[in-house]
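Shown here is one chain on its own, the form predicted alone, set out as structure tokens.
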Amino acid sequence: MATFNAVIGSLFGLAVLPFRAMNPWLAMIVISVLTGLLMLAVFRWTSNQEGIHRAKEAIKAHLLELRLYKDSMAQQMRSQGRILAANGRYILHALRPMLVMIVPVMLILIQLNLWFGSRPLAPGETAILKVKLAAGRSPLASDISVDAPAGIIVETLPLRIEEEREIDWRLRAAAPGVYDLTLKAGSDSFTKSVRVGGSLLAPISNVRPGPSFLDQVFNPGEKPLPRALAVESVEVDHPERRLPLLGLRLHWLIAYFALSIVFGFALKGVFKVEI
């Protein structure tokens, strides 16, 4: 899984590379256009286009019947039943492309979260370093220390939360850069990345996952922790990124889905895709 994440991450990094020093909205728009095109291609080649067209035409015809025969209760009931049946056929025709799109769209969302979900710390900002221990391990009995490079200051002694199997430190960003914190547990050591300042758009890994497959799927920014470690995950909570728009601060997921749907519907006529 680590190799797969590295390959997908490299490909996504190349796609975003031209926009890293630009306003994040530009990258979001380009990625949304490409996603819209991907959805149109999948929908066109995996759906029954003729069946979708017939179902839509049937719905329009029966809606017209509702207007023409509004004084006939029996006809109204028949028309409504036929509309429901045509809607059911439409949903069945659209189900296959939706199922096909789930995997690629999920991979895109996971990668987008790396780039748009969080922003780098600003010099002077603080963040919490969280070490989550494996099941059955007590933070009170675990001796873990943090070695921070110049540019990151460890402000507190470890806070041990036994109920959460967690050990926390407060960090303060001192200077721009990409840093690796070194954590030591007995003879073992491992690292966690922290990003301070830098380009407008950069991948931010909040969590370095453990060996669990699902943890690696949803946290692809760093290699998983060695299986031999008694640590489930390591996290640094970088601040959440929001996209400014007309005085609002939008979550990237809202912007991405809205733009992808708009571009998809705007281009469906050009590519003659029945949706």
Partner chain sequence: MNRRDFIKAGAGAATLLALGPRADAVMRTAGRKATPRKVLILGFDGMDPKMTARWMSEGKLPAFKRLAAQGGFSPLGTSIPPQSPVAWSNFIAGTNPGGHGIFDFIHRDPKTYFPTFSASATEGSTKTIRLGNIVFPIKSGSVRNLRQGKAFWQVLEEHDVPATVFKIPANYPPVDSRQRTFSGMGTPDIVGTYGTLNYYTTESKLVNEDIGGATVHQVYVIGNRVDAKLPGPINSFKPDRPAAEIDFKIYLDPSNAVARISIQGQDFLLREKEWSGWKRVSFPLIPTQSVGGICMFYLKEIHPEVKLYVSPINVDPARPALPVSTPTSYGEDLEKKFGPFFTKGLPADTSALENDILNEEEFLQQDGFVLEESRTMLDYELGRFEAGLLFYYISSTDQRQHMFWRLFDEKHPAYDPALAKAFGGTIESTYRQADEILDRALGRIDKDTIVLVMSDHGFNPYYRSFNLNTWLRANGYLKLQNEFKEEDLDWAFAGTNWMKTRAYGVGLNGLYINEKGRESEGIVTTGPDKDNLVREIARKLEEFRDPKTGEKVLARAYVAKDVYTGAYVSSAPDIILGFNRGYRISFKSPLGRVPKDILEDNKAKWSGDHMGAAEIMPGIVLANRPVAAERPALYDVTATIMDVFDIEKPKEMIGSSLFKKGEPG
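Numbering follows the first chain given and starts at 1. Here the structure is a predicted model, which means the values were calculated and not measured.
Form predicted together with its partner chain: not shown, discussed below.
Interface residue among 73, 135, 157, 102, judged by heavy atoms within 4.5 Å of its partner chain in the model of the complex: 157.
Only one of 93, 165, 119, 130 lies close to its partner chain in the model of the complex, with a heavy atom inside 4.5 Å, and it is 130. Mapping the unseen interface onto this chain, residue 77 falls outside it, with no heavy atom inside 4.5 Å of its partner chain in the model of the complex. In the model of the complex, at least one heavy atom of residue 161 sits within 4.5 Å of a heavy atom of its partner chain. For the chain shown alone, residue 115 is not a contact residue for its partner chain in the model of the complex, no non-hydrogen atom being within 4.5 angstroms.
Using a 4.5 angstroms limit between non-hydrogen atoms, residue 184 is distant from its partner chain in the model of the complex.
The partner is not drawn, yet in the model of the complex one stretch among 102 to 110, 78 to 86, 167 to 175, 193 to 201 has residues with heavy atoms inside 4.5 Å of its partner chain: 167 to 175.
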